[in-house]
Structures are given as C-alpha cells and as structure tokens.
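We begin with a single chain expressed as structure tokens, specifically the form predicted on its own.
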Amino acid sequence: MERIAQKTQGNYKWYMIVMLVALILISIFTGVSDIRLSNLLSLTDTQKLVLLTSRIPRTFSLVLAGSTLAVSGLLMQQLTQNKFVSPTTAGTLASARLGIVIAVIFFSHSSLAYKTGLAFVFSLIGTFTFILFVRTVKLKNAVMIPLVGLMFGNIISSFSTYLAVQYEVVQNASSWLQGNFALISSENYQLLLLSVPLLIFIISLAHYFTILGLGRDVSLELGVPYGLLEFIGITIVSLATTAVILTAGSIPFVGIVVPNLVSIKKGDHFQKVLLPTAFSGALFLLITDIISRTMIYPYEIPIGVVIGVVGSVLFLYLLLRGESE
C-alpha cells in the first residue's frame, strides 16, 4: 500500500508539471496575433516582437503571480489557523491599494521603488491590524473571521475610492483596482521577480511554519520563536501581495480557494502542500487568463472579472462545505 501511495504521489507530480507546461504553451500562443507553435522557427519580425515583449512576459507573470498569491494565502491560513483567511479576506490587498492611491495622489512623480515601499507599508499595517483583531475577538468562528476581514477590506477600498474621486485620480488609480495582465510587457513585469526569493524563503522555513500551525504554546515549547516567525510570515505576504498588485492589479480569491482545494486532496500539512499549492495557483491563473482572452475573442475580459466570478462560486462552495463539516 505504501508503494502504491508513493507511486500515485509521483504520478500526481508529473501530471501537475505536464499540465503546467501545456497551459504555458497555450497561453503563449493565444492572442490576436496569429503565432503558432508549428511555425515557431519561421516567425516574422513582428511576430517575434509580440512573442518576446508581450506573450512570454505575460505568461511568466501569470505563473509567478498565481504561485505567489496561492502560497501567500496558504501562509496566512497557517499563521491565523483559519482556512478562510487570505490576502483577500485579511485586508492585505485593500490596504496595498490604499497605499498605491495615496502614492498616486501625493507622490505622483516618485519612483516605482518609492510607490512600492509605500504600498508595502500600508499592506503591512492593514494585515497586522487584522491579525490583532483575530487575537482579540472572542468568537473565533471559522466563517465569521474572514467575513469580517472582507468587510474590513471593503471599508478600506471604499476609502481608497473616495480619495481617488476627491483628488480626481480615478483613471490613474483604476489600473491597480482591477486585475488585468493585458498591459504586461517585457518592460514592466520585473517587480514580480521579487516573488522568487520570497517563495524560496518560505520553502526554506516551511518546517517552522508547519510547527507554527500548532499554536503559540506548542511552538514555544518546541523552541520555535513564534512572534518572530509570525512577523516574518506577515512581512513576506505583504511584500509579495504588493509586488503582484503593482504589476497586474488586484487579483482576488486565488489565495483562499486554491489552498483549500489543494488541502481537500492533499491534507493540511503545510510543508507537504506548499509546492502543490504553488503549482495549482499558477495553473488556476493560467486557466482563468486563457478564458478571459478567448471568451469574447478577439476582445479580452480583465482577468480580475473572471476570477471574481469563479472565485466567488468556489468560495461559497468552501464556506458551505466548511459549515456542513
């Protein structure tokens, strides 16, 4: 039985890799410009330009953003010990957007690094505020906490919209309010590369984050610095979320539905589900992006709209499933 289980697990890894490669190829060769795998060696100069400056950077960004958001959600759930917490339901995304709007209003001529830093600070403050709320609330219902987090995020988003309207920067700030990979090019996706060392860092600390999920008392008894690791985890999530928002805008629900769907099949052990969650996040974003590009071809729907619909349905399913259990 043990050999069968190991063989099944090995086959599952290969299926994931094959699916990822297949979807990457589909993503690269999907679009208005007719570029096919069969004539890859005989492309025109225009086709080469489209492939190198748009298609490949976009697909690469989808893989990085999907993996980053899914793993960030998994880490948030581990830190809060709540399966329905993610950057979407913890105010992290909304807080980062508020930082971006303030940067656009008051520091419009500042560098990207300055705007990134400001968005990161707001994201960090918003996430810590939510964590403090989780600690102080008495009724820690698995469903109530994320719903309150959604309300907290909506309040921050409403304030962001008010500021954008008040200072007439709605058009400038709108690109970060709705997820869209259509404008990704070889010149503006580099910030997402920051997620690579962050993911490696999470993997290197996976054993300690697994222990963290057992609670503060157990972690301290085992000699794990709970407070320090919690701070590191929240900082990683805030920084990763900021990188995604500044590159592609707000991408909801990935951090909550992907880890939960993976845990249904693979269990709740953080270290064991970490890589499957990263793979699944990339697959989820690639699939939804392909749908957004082909649904009303040759026009394109922002991926944030597609994920908003699909993610809402999956989130509702997970809530009902959690309540029934």
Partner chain sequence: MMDVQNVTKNYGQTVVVNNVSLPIEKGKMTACIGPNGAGKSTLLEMVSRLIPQDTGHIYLDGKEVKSWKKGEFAKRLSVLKQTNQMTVRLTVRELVSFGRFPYTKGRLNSKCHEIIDSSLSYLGLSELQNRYIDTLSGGQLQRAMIAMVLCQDTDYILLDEPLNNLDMSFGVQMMQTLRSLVDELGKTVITVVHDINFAASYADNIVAMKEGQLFASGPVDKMITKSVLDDLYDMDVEIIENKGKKYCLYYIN
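Every value quoted in this text rests on a predicted model; they were computed, and no experiment measured them. Numbering follows the first chain given and starts at 1.
Omitted from view is the form predicted together with its partner chain, to which the following refers.
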Contact between residue 298 and its partner chain in the predicted complex at 4.5 Å, heavy atoms? no
Heavy atoms within 4.5 Å of its partner chain in the predicted complex: does residue 224 have any? yes
Does the 4.5 Å heavy atom contact test between residue 265 and its partner chain in the predicted complex come out positive? yes
Check whether residue 271 has any heavy atom within 4.5 Å of a heavy atom of its partner chain in the predicted complex, and answer yes or no. yes
Counting non-hydrogen atoms within 4.5 angstroms of its partner chain in the predicted complex, say which of 194, 125, 214, 134 makes the cut. 214
Only hit among 147, 220, 183, 113 for heavy atom within 4.5 Å of its partner chain in the predicted complex is 220
Where, among 248 to 256, 147 to 155, 200 to 208, 184 to 192, do residues come within 4.5 Å of its partner chain in the predicted complex by heavy atom distance? 200 to 208
